[in-house]
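Only one chain is shown below, in structure tokens, and it's the form predicted on its own.
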């Protein structure tokens, strides 16, 4: 056989090796793992998909086994003398009998898949109805989840009333009590996103102008990673989030801290210079409850924000000049989180120290650290040429006080 005829075989082998390599990379220790449920909703999803995978595997083996068996039985060997027959063909007296129809087989391979799909559909619908069920009482904790390019906002309603302003707001990390179902109300400020914490539940779209109910519940303490799964622009791949499940008492203590406003510092207070830099450069996008002021559409200064009323529970936006598609994460208790910038960066190192160098780089030149489009109000702007080294140090010093 000539070299020209051997190349396709090597090409197919190369493709097979590449496919196996890709498969191997998907089988490593990944944080986004549907098959490792940590809550009842995620367990229901696993209980559904495992039998489906088994059925699909059996069907795959049977079909591919039949294909391989037929290929092997009717394979064509190359003739010893190429002049005898055209390579890759049968002689006339060797050509197999042609079967143009088999009614019993056709009925079988029509009815069997139909029955299988019907059974799978029934159990799928049962699971979907179970996932929509809400066991929480009306006055239990509820969280409004707002997707935005490219991070997640969590508005906490401790009394369960999402029609009133939230008790507090945080970003990128959602803290919940363990063994308690937490209803979510999911929406978006700009484009379509998709909220997914695979170890706690399936995916739910976040659509601007619409609100979708969803639930999460963790059966164990821990941090559970999530990811936006609807392509939403430049930094879609970096739009992450975490759900932190803690003991109920720890959650109560955490929530009591989050409700508190940050202090407005005086000149004699440590961090005053950094607060002034923040107010002059960052407050047009970020809110620090109790500190920042906001402006109306004409640029006139309004009252200091000393409550969380700026976040309206009915439509999530009180004044488009305050909360628009360009709104930035609320930083009132920044240092109580573990990540920032869409959970793309760790706020602390392994020893519990603030990753100050990375935080300074982010504040100074965010577009260099994470792809965004600040000119279109999509992501944080750069302060290169705006902040001096001393001002940068001051503002990061101030951020470190936001506990």
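Residue numbers count along the first chain shown, from 1. Values in this document were obtained by computation on a predicted structure and should not be read as measured data.
A second form of this protein, the form predicted in complex with heme C (HEC), is not displayed here; the remarks below concern that form.
Checking 245, 146, 331, 200 for any heavy atom within 4.5 Å of heme C (HEC) in the predicted complex turns up a single hit: 331. Screening 219, 281, 261, 127 for any heavy atom within 4.5 Å of heme C (HEC) in the predicted complex leaves a single hit, 281. Among heavy atoms of residue 39, none comes within 4.5 Å of heme C (HEC) in the predicted complex. Heme C (HEC) is not drawn, but in the predicted complex it has no heavy atom within 4.5 Å of residue 48. Proximity of residue 172 to heme C (HEC) in the predicted complex: non-hydrogen atoms within 4.5 Å are present.
Although the partner is absent here, residue 150 sits close enough that one of its heavy atoms falls within 4.5 Å of heme C (HEC) in the predicted complex.
Although heme C (HEC) is omitted here, in the predicted complex none of 176, 196 and 225 has a heavy atom within 4.5 Å of it. From the list 40-48, 66-74, 331-339, 349-357, the contact stretch for heme C (HEC) in the predicted complex under a 4.5 Å heavy atom rule is 331-339. In the predicted complex, the residues of 369-403 lying within 4.5 Å of heme C (HEC) by at least one heavy atom are, in order, 370, 379, 380, 381, 383, 387, 395, 399.
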